[in-house]
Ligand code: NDP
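Take a look at this one chain, the form predicted alone, written out in structure tokens.
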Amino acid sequence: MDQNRIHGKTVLITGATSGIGESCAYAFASMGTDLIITGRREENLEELARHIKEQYPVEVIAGNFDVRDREACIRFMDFLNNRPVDILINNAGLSRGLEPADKADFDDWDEMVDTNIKGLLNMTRLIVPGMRSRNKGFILNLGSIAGHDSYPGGSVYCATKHAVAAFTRSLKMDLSGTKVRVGMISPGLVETEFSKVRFHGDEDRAKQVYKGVEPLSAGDVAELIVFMANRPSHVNILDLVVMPVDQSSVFLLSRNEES
């Protein structure tokens, strides 16, 4: 059994109302970490906090705000009143649309850039100074295999995930000489609300993404995130690329046509 090095620590998870963020909340709570969970959907957030507190003897603080709103991020950190955050999981992110660049919707682009890049930057900028002053901590950014490759119709989403990869590497360099660890996880196909959000609620179209494939689950990714956070303090996993066995690249999926 792996040693539990994160028991009693505090983890802040953005985008915790569903998918990988929600699974991370349960996974970290099972390790005895106190939680600060944030998200835009207040009802989901409160329900998650209630369920976790019923199952695990940990503290749960919920923050209902949008990471795109820098002032809201600042107000929430002020509310925390300098409470140390040991682990930051920059999970909030999304994809919108699958149109070619010359036909894409400007609002979709703004939402992806403002959430996937600027929201991540907002939270990192507010939390990392405390980690630096304490000379310890772990920042985990949610990347994607789309941050290692690109595909048609995903120009801006891929660009945001390439930006996350570049920022992760640069942040590690900025924190050189400290004991603060920095990493990212780059999942392939994961069955969450991702495709439903991408296609603006079109569930039938979203289901086609996973047809004939056994994708990763949100729990699979959360388990790996906890693994990364739980490494010894001298071990830094800068990037972990994970795909289902049925996927070999952004483009190559082995589908069972009978499914």
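Quick caveat: nothing in here was measured; it's all calculated off a predicted structure. Numbering starts at 1 and follows the sequence shown.
Omitted from view is the form predicted in complex with the ligand, to which the following refers.
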property: G19, Y157 and T192 all contacting the ligand in the predicted bound form, non-hydrogen atom within 4.5 Å; result: yes
property: Heavy atom of R231 within 4.5 Å of the ligand in the predicted bound form; result: no
property: Partner proximity in the predicted bound form: Y26 to the ligand, non-hydrogen atom cutoff 4.5 Å; result: no
property: Distance check, V197 to the ligand in the predicted bound form, heavy atom within 4.5 Å; result: yes
property: Heavy atom of L88 within 4.5 Å of the ligand in the predicted bound form; result: no
property: In the predicted bound form, the residue from M112, V182, A92, M131 that sits within 4.5 Å of the ligand by heavy atoms; result: A92
property: Candidate stretches 135 to 143, 169 to 177, 99 to 107, 79 to 87, one within 4.5 Å of the ligand in the predicted bound form by heavy atom; result: 135 to 143
property: Heavy atom contacts to the ligand in the predicted bound form at 4.5 Å, residues of 59 to 92 in sequence order; result: F65, D66, V67, R68, N91, A92
